[in-house]
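Shown below, as structure tokens, is a lone chain in the form predicted on its own; questions about how it binds or moves come after it.
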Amino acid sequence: MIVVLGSVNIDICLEVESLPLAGETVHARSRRYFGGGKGANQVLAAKRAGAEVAFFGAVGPDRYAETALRELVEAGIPISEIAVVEEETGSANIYVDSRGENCIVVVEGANGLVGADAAATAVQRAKGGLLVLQQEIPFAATHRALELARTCGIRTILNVSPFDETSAELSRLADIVIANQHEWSQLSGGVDASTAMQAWSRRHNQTIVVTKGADGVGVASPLEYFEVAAPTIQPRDTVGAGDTFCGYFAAELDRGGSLLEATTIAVTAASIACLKAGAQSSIPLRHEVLGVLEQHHGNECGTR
């Protein structure tokens, strides 16, 4: 089972020709509303990858909560552990340019009220499975969950995103750390990626996974280091690609796959997610991912 403790947001997506500079006003081609939040995105990705899942988070008593949870409900993910609190549902204002690049401004909202009780319950539910966390809920809740999971012998994945001053402390408590290349540079002090990853992995007895967009993924464990290339695509919207990777990666490990197998499937899923708009609506189903992998393998072998 995959248990995710994390955020729920309403994503307000604005498509623009180019991302605005400081002091600049630009026109948007469209405005759309999607369910989002790193926690919700990752549990949905794990579900679409075929995993049994549970999710712990919070929303507000407002009209945005229904939209924020719609994709989860439609996917059959239980929402009974998502608390309704006296704070507005979290939101993310997302600007996406014509190349698929984005910038995001997040309002914490109800996510800021996820606390130690939710952390303890999530850890109990994760026994025998994997606990997945990010950094869009309070530090205290994430820290408590990681500490309890370590005491209980539960394997944990921490996505150090959005990166902040607490990321280094939290990362040392997780079994697997997932970061993009910019977050890893901040975590490691800007040292060469592969060298720093291997040194960190051996020193802390952890697995380090660094996603690098079109350049694929690097993975270091105390026993090995490898890289996996990403499929060549023309991205429409990269929002949610990292969360798709995290959810798929966790699901494949929970299925019993190796680090290499989990990484290969997850990077393919993340690439497919870049072809559609919206963080959640773009997350593919596992059979779609396997189809792309089979086609890619056939092309490499010179077959159709």
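Numbers follow the displayed sequence, beginning with 1. From a predicted model like this one, the values you see are computed outputs, not experimental measurements.
Beyond what is shown, the protein has a form predicted together with alpha-D-ribofuranose; the following relates to that form.
Val106 is the sole member of Ala118, Val228, Leu170, Val106 with a non-hydrogen atom within 4.5 Å of alpha-D-ribofuranose in the predicted complex. Scanning Val239, Ile265, Val53, Val59 against alpha-D-ribofuranose in the predicted complex with a 4.5 Å heavy atom cut-off leaves one residue, Val239.
Considering alpha-D-ribofuranose in the predicted complex, the lone stretch of 251 to 259, 35 to 43, 61 to 69, 266 to 274 in range is 35 to 43 [heavy atom distance within 4.5 Å]. In the predicted complex, alpha-D-ribofuranose stays beyond 4.5 Å of every heavy atom belonging to Val160. Interface residue remark: Ile154 is not counted as part of the site for alpha-D-ribofuranose in the predicted complex, having no heavy atom within 4.5 Å. For Ile94, a non-hydrogen atom is located within 4.5 Å of alpha-D-ribofuranose in the predicted complex, even though that partner is not displayed. In the predicted complex, no heavy atom of Cys246 sits within 4.5 Å of alpha-D-ribofuranose. Contacts between 9 to 34 and alpha-D-ribofuranose, taken as any heavy atom within 4.5 Å in the predicted complex, involve Asn9, Asp11.
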